[in-house]
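Below sits a lone chain in structure tokens, taken as the form predicted alone.
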């Protein structure tokens, strides 16, 4: 078996969730890496849309932000931000949203606003941007985050983006017609909401990871589905594509103050 890192496993597992038929609203960072690995492997016809209004985007390197010129340069076309949100997103034309976050709770609600009390936070985060609208209006949501106790918490100090709210049929009671988060892909395992309670449960464990590791890294008593499988390890092709786009990205961004991998 080819050696791989937990982040590489997370990114590739997330990429596998996408298909040629998807019209995907892409977040920056790990979601962008996963979406472009999918595009460069098994889903070449996928339509990638970024918040800045780029449609049919095919970046050669991963963007630093939604304002990265690489996105406009490689898009099929670009629309205004109001058109992106009103016509494309709120019009129900986007099948899949791919998000990350600083914190998540057991019902897949996301926090990207503050850590600690809102009035006197320990950390003030970048905020929601377009994520609240993406979480509400895309047909389904995938979330990718490393599984840590700091990130996976029992109670969020602030709900930035609606997942399944208080659980059960909370989205439906609020009038939301979309599915919300259907999968959370981490560096240790894959989670899905329980069909009834909507609490996140373990459905797949990555190679070499134990249940004890997952429990130790989660901020609530995490449950497992009745039938838990092992996530297939990354193939040589998947790893080669991910490592190649990361290498191109690092080279392109040398001297920008970034120097960080996107996966």
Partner chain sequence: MARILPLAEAVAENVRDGDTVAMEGFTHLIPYAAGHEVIRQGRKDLFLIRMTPDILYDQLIGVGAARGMKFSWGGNPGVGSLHRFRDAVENQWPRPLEIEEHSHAAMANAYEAGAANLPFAMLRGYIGADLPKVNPNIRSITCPFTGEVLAAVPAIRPDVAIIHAQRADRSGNVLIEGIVGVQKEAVLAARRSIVTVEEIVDELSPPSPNSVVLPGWAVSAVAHVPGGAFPSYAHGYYPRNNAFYIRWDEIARDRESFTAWIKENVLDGNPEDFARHAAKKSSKAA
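As the structure is a computational prediction, the values presented were derived from the model and not from experiment. Numbering follows the first chain given and starts at 1.
Beyond the structure shown, there is the form predicted together with its partner chain, which is absent from this document and is the topic of what follows.
- Taking the partner from elsewhere, residue 195 is found to have every heavy atom lying beyond 4.5 Å of its partner chain in the model of the complex.
- The closest non-hydrogen atom of residue 160 lies within 4.5 Å of its partner chain in the model of the complex.
- With a 4.5 Å cutoff on heavy atoms, residue 73 counts as touching its partner chain in the model of the complex.
- Contact check for residue 16: no non-hydrogen atom falls within 4.5 Å of its partner chain in the model of the complex.
- Here the chain stands by itself, but in the model of the complex one stretch of 180-188, 98-106, 77-85, 138-146, 77-85, has heavy atoms within 4.5 Å of its partner chain.
- Only one of 43, 28, 203, 209 lies close to its partner chain in the model of the complex, with a heavy atom inside 4.5 Å, and it is 28.
- Residues are counted as partner-facing when one of their heavy atoms sits within 4.5 Å of its partner chain in the model of the complex; in 51-77 these are 51, 52, 54, 64, 65, 66, 67, 68, 69, 72, 73, in sequence order.
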